[in-house]
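So this first bit is one chain, no partners, the form predicted alone, shown in structure tokens.
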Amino acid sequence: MKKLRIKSIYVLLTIFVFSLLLNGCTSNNDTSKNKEIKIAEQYGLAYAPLQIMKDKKILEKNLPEGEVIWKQMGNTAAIREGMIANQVDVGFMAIPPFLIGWDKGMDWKIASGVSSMPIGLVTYKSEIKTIKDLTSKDRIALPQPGSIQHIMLSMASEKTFNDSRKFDNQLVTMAHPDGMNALLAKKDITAHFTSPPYIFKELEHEGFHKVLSGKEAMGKDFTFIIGVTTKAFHDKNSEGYKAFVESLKEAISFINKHPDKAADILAKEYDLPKKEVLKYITADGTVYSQEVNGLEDFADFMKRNDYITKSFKNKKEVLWEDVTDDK
């Protein structure tokens, strides 16, 4: 009987130890999976640090056991849907679309600023000097309602006409390349609210001129593109989150310290002449920085004009730790 009890205890101990080993393996597997980072990018020089990060494999260096998955997406709506479906951990967009998503219940926050750019409204019509000269027949191309271009135009409309939605019925949704082509062809639209490199290319054509700049609309400098992460990614993959933030910092530093070398990389990525890329990334108003500027200005305007239904009482509601913003 005593031998039977000893044998039973031995069997139980064996099962217990085996279970611990099995759980340990499972835990390790989960940790490995937890280091996966799915990043959604968009096209344009505002996202240049991402191209540098990807080309130089900076994130892979800072997270050697992780797996980086890059996804090209056409707009913020696709990024938002990807995050909801847990197919995207990190996405890049302007502040207004981020605030609209946050207002609708998206569980995400800003992890970093990325870039500031000289965005603006361009036209070929000589009689249009300011937005006061736009008539009801003019059509204005921009990426989508709720985009930063839309909000900027609304800001300027509020200042000029005391009506933020004055031009809402004259908007035409177009991707930047399509908007540029339509404007240059002088077909369907008379003005295009756009960003680099498209705004630079449009202004190179004779007779094309800028009617309104983003800075004029806002009244100050502001961050164009930010990096956003889900709460699930931030909380469950802290190592990956920190590696991402550090990698973005390194990529931005590389562009700022070595613009000539950065232009080599970006010229290949965007299939543009290096000289042209170097001109764009060092142009006045183009700044690559992790600082976030203009957050409260956007939120206050959008809440006042019913683009969002709520505003944050504390910036910690919309910023992850250690994010630097204007005070």
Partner chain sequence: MTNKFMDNKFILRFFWIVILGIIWQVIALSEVFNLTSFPRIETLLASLIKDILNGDIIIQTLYSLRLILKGLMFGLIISIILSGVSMISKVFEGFVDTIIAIAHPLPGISLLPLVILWMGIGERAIIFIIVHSVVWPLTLNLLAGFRAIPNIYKQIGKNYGLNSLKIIQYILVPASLPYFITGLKIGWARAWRAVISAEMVFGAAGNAGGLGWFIFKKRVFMDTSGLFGGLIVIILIGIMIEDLFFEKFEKMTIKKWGMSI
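Positions refer to the first chain, counted from 1. From a predicted model like this one, the values you see are computed outputs, not experimental measurements.
FYI, the form predicted together with its partner chain isn't displayed, but the following is about it.
Stretch-level contact analysis of 224-232, 125-133, 187-195, 111-119 against its partner chain in the predicted bound form, using heavy atoms and a 4.5 Å limit, identifies 187-195. Residue contact check for Met106: one or more of its heavy atoms lie within 4.5 Å of its partner chain in the predicted bound form. Although the partner is absent here, His150 sits close enough that one of its heavy atoms falls within 4.5 Å of its partner chain in the predicted bound form. The closest non-hydrogen atom of Val172 lies within 4.5 Å of its partner chain in the predicted bound form.
At the 4.5 Å threshold, heavy atoms of Glu204 stay clear of its partner chain in the predicted bound form, well away from it. Screening Ser253, Thr160, Ser213, Asn75 for any heavy atom within 4.5 Å of its partner chain in the predicted bound form leaves a single hit, Asn75.
Contacts between stretch 133-161 and its partner chain, counted in the predicted bound form as any heavy atom lying within 4.5 Å, involve Arg139, Gln144, Pro145, Gly146, His150, listed in sequence order.
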